[in-house]
Ligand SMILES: Nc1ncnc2c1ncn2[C@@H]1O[C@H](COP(=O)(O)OP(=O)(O)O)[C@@H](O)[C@H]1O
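Given as structure tokens, the chain that follows is alone and in the form predicted on its own.
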């Protein structure tokens, strides 16, 4: 069943100079699907996510999430930098349950939901700590738990692991896939790291240089659950090369 429908999405910023960010994007995403977006810096990926989460309402075309306009859908957003969404003066559990608190959910219910999520990612023992007491990976796991706590219709993730080292990024990818298998939330993920984009996804959407258009969509026909050993698999490299060929077709990043 189509869960997210993007039809002829266009976005232009009428500043000085006028900037065409998204030229024409149409895409259907199924319920429970994990889709990654791979493209050059500044091509319009984050702008598209801002449309999907209702932050950007001045656009052409039609976008719906579970048959609702984005501003009326429940969207969880995990930012590239946890500083953009987390409160350093609140504990881990209070950060995770912030959205529920804003909705007026009782403290007992908030903590029940938050503690369950933290237990799933092995962070419960840190639930009363502050962010400065956590590693970078723990902070991003806290951010993911926060996005999931209020039971969103869709989860948007904008390069959430880009600031982490290689080992921590790989570990976080496996943690994310474990969470996704348990929750089966429709997930859209922006990545600038080709191995990450392929390893996580059911499909990889390759975008052009700005203004963004879809250059191609590559189906990732690898079994789940995914493992890091798949990074050495011949099948993985064939899919990776398809993505890379599309990306490099117009010169890749500027």
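Numbering follows the first chain given and starts at 1. From a predicted model like this one, the values you see are computed outputs, not experimental measurements.
There is another form of this protein, the form predicted in complex with the ligand, and it is not shown here; the text below is about that form.
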Exactly one stretch in 41 to 49, 197 to 205, 61 to 69, 219 to 227 has heavy atoms within 4.5 Å of the ligand in the predicted complex; which is it?
-> 41 to 49
In the predicted complex, does residue 19 have a heavy atom within 4.5 Å of the ligand?
-> yes
Is residue 185 a contact residue for the ligand in the predicted complex, using a 4.5 Å heavy atom cut-off?
-> no
